[in-house]
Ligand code: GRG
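Presented as structure tokens, the chain that follows is alone, the form predicted on its own.
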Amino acid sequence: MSELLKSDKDFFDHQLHLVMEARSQSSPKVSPLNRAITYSLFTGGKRFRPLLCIAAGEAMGLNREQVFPVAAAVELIHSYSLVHDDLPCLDNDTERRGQPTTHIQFGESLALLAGDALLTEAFAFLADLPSSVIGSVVRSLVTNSGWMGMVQGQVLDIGEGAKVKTLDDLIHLHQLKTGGLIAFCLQGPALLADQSDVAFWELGRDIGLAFQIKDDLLDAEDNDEMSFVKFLGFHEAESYLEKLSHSISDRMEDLGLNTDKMNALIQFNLQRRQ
């Protein structure tokens, strides 16, 4: 990750650690749960989503302290979703980021409850926002991460909804599953900055789609039926990602988001190796 982004990552991790440490100290009777939450939240994640929140907010005239509550809420929801995804009832993964998954480290019950706590605590951060925008930001986060967004995408991904038969179906699935929460990373700051948010949401959704395609390219050896590599083939998926990334850059310029940090994040996605 570039030095340009590292400063924001260090800021975000420091602020988040302070808040979560205070939460842990206020609930000493459930220290095993506290440890499971901390383990799930501070295991070397890229922090792509909160960094995107901060970069987008700065492009809209906000400072990172103003955007921090939105960025923290995003990261807590992202972390809860990973903890739950890894459970035996879903992906049954035993390792994430080179470490045992939360349910392997702490057991299924604590992992489930840690995910529940992360999801719930996410909304406590939004309570610190100005009262004039709390309602719209909460509604946006719920829509993008819940029943109508990320959760719906997860349901389609496990094959419990309408069957994915075409590329358009697959795009729709991942615009919900991955794109929804990343769309909020632009929509949330836009709402804070009192800007029209629809175009930012659409751009964020496609940034999320690009992130998913890159994940699929990195995991090309996996036999995942819902991957772009499986649908298109490796080279066609690479080409699709390249075209999508060019489109994203053009729209960033149109929306006044063509900053060094935003461009660094788009390049970070294209160049990452995990």
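Residues carry their position along the shown sequence, with the first being 1. None of these values were measured; they are calculated from a predicted model.
This protein has a second form, the form predicted in complex with this ligand, left out of what is shown; the following refers to that one.
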item	value
Heavy atom within 4.5 Å of this ligand in the model of the complex - the one residue of 238, 206, 58, 215 that qualifies	215
One residue of 90, 198, 127, 148 in contact with this ligand, assessed in the model of the complex (non-hydrogen atom, 4.5 angstroms)	90
4.5 Å heavy atom contact, residue 143 to this ligand in the model of the complex	no
Residue 97, heavy atom within 4.5 angstroms of this ligand in the model of the complex	yes
Residue 84 within 4.5 Å of this ligand in the model of the complex, heavy atoms	yes
Residue contact check: residue 175 to this ligand in the model of the complex, 4.5 Å heavy atom	no
Among 133-141, 175-183, 162-170, 105-113, the region lying within 4.5 Å of this ligand in the model of the complex by heavy atom distance	175-183
Contact set, 248-274 vs this ligand in the model of the complex - heavy atom within 4.5 angstroms	272
